[in-house]
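Two separate entries follow, structure 1 and structure 2, each one form of the same protein chain as structure tokens.
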Structure 1
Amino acid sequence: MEQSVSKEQIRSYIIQSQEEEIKRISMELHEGVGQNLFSILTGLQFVEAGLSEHHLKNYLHEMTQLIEKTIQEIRLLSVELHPPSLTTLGLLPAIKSYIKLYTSTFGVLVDLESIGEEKPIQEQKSVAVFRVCQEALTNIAKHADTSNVKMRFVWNEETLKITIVDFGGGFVTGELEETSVTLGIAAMKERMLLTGGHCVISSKIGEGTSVEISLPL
């Protein structure tokens, strides 16, 4: 049994199981907790409209605002965990939606360009590519010291190529100590290898970093 299952298959299975669990939690938050909070919000707004005492009305208004903020945070958390558009609309719309959230979270502007006709991608593969892009963008927010990122999708008949370029400080690839950054980079490469694609990272001090992802379609 052990011999018939390769390490690669085990790694792939672990990642897939984690992704399924993340998706489940994300949906529970959105469809369960989020919906219940929304019902509470509309109920409180109804009560607020019927109140005449000024201090009670004010108090209830503060409560509805607090619930609104909580609903918004639950939605963002859910989308961060697993963007629903990844399953329903595909990789590119999910990335577009993530970029909006990314800019409003970190203040970094992302210029996204897509060349060629978008092709359907198997969900497992699109989740992998999405996670690799997410990791690349998170690394930029943490370490790159830049306000602008260029992201380019090139759709060919047989491959999707994605390039993410920041214009930040850059680093010397060989000189990174074993930290969460190097582990993150290794995970990005491994994840792409499991999809049959690859991920190449190059960087130069003062010129920024470039992440090139390639996925067979």
Structure 2
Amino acid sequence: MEQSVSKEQIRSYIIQSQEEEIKRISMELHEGVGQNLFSILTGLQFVEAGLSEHHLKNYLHEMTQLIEKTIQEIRLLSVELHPPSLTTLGLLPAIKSYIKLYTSTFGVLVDLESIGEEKPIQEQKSVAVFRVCQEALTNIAKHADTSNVKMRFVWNEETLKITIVDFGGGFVTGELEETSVTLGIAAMKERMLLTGGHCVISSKIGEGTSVEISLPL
């Protein structure tokens, strides 16, 4: 007789399968497309250095700047999909790496503080927390109308607590219509529930939004 499979197990399997595919695409972007563009950029810069005609030199310089911008966007996309450091170095270094690209892309400064001794986290849980932090920061960049964010990691023996606070316009959670924002918030909460953790979001008009994440270690 087949064992029954819970909805939580199905959702967890779907998310894990999606993450494996996302990881593969991320590597192909970084190691394939990104490296090819970098080779083209290097070649164009070499040609530019040897040109004497001013108008051609200016045109080529514009092209190299466009490729540099494209490489930066691909790097951010690759890290957004799956940061390599998440697997090799862990959650906190991956968040730091993401924040650097996030700030350079959106112009939002993130004041990151880590309190306590960093603990190892199972990869599946680490990915879930990274995705929740990523969703929170993306929402801030798109909707909060702010240039400053405070992010705090607090490591205890049995729990990791993360707080993300912006100083934007805020919103009334109960009055949100079913949009990508509300679906994103629901996904954040669902991801944390699947890890055995919690995600609590509170917001007030004119005072910004707070995201509190709790993960059992």
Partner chain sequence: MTEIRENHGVMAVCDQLLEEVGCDFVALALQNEVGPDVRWHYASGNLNDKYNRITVRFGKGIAGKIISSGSPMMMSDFPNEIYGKVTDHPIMLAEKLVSCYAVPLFFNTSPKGVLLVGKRVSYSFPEQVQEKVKESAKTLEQLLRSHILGGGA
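Numbers follow structure 1, counted from its first residue as 1. Definition used throughout: the rigid core is the maximal C-alpha set that superposes within 1.5 Å between two forms. Note that the structure is predicted; figures quoted are calculated from it, not measured.
- The form predicted together with its partner chain corresponds to structure 1, not structure 2.
- With the core held fixed, residue 78 shows a CA shift of 2 Å or greater between structure 1 and structure 2.
- Core-superposed comparison between structure 1 and structure 2: the CA of residue 40 exceeds or equals a 2 Å shift.
- After fitting the larger rigid piece on its C-alpha atoms, the remaining smaller piece is found rotated by 15 degrees between structure 1 and structure 2.
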